[in-house]
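A single chain comes next, written as structure tokens; it is the form predicted alone.
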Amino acid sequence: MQKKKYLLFLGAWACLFMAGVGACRKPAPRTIVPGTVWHDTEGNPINAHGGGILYHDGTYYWYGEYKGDSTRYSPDICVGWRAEAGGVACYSSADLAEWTFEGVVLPPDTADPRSDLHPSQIIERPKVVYNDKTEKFVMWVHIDDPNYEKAHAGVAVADSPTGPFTYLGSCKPNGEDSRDQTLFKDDDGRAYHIYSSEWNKTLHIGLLNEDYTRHTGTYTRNFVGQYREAPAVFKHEGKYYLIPSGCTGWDPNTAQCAVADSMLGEWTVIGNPCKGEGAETTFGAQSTFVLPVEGQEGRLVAMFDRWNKTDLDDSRYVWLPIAFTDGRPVIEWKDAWNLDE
């Protein structure tokens, strides 16, 4: 009888001890390892290239190019290597570390070879913003033909961040080329379309209308003759920052950073934000987006793509924190880093 009571006592003590350990246990660290293969919650490699992230109602949504798994070389096009356009993928996450595949939210149109969304065409650099007035999710995307001569911007809308998105068509904004592009929604609710134009020689910044689906005709020409693409825009302590790359196809080059007092104002180039080994080639990658971390004032994550031109489906993601020194953004290489640090 005494032995039974003793065993019960030991069992109860063990349960209390484990409960205490569980209560004290910290959440698992949110570790980012740049340049490795990242998997979704089903164990599949994340396929969301040239993308951007929207934060909405407590969840992050990552939109990117869903690339086919067959890369081929085409000597007739300026970038040489390409994969079939698979539409736009979406992944969701509550913590930026674990990502759930939500599907291809803007699917390719496999039935109509003349469609902007046919797999033979170009569907690149999707970005999504939420319109508080219309309660719509608005996507802009680079639309092109296989020779990169069409140079259009496409628009799609949805009632949910996970789609499906309804494609509205494409155009040349303000009658000019539009290739690599991004979106920026300011604190006042205004949204801007930033895109490489004039055969990539000049970067245009255009103000969108109230529903974010068309240009207003107000735009500026920036970095004239400097050949910049892959723009990423963010705001920090009242200043606007823009990180584009040079134009060298799939091969990496030196990033630049510019600062302005307003989106449509004058931009001043302040140099390469990358520091340390690999900085001159942007750590072997190319800019795509800068993510403000929700709930952490001033915390910013620079998102890059490390393109694998001979196997574009296997291109990797490089995310690194942005620090500031003397008012200038600084991005240093880290083999691994914790989002909570």
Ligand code: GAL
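For every residue, the number given is its place in the sequence shown, counted from 1. These numbers come from a predicted model, not from an experiment.
The same protein also has a form predicted in complex with the named molecule, omitted here; what follows describes it.
**Student:** Which one, Trp250, Tyr167, Tyr227, Phe101, lies within 4.5 Å of the named molecule in the predicted bound form by heavy atoms?
**Tutor:** The option sitting close enough to the partner is Trp250.
**Student:** Decide if the three candidate residues Arg125, Tyr148 and Asp180 all line the named molecule in the predicted bound form, where lining means a heavy atom within 4.5 Å.
**Tutor:** So, yes: the whole triplet contacts the named molecule.
**Student:** Can you tell me whether Ile270 touches the named molecule? I mean in the predicted bound form, with a 4.5 angstroms heavy atom cut-off.
**Tutor:** No, no contact at 4.5 Å.
**Student:** Spell out, yes or no, whether the shortest heavy atom distance between Val79 and the named molecule in the predicted bound form is within 4.5 Å.
**Tutor:** It does: once the named molecule is placed as it appears in the predicted bound form, Val79 has a heavy atom within 4.5 Å of it.
**Student:** How about Thr282: is it within 4.5 Å of the named molecule in the predicted bound form, going by heavy atoms?
**Tutor:** Thr282 lies outside the contact set for the named molecule.
**Student:** Looking at 89 to 97, 213 to 221, 103 to 111, 117 to 125, which lies within 4.5 angstroms of the named molecule in the predicted bound form, counting heavy atoms?
**Tutor:** One stretch meets the cut-off, namely 117 to 125.
**Student:** Heavy atoms within 4.5 Å of the named molecule in the predicted bound form is the criterion; list the residues of 265 to 286 that meet it.
**Tutor:** Stretch hits: a single one, Gln286.
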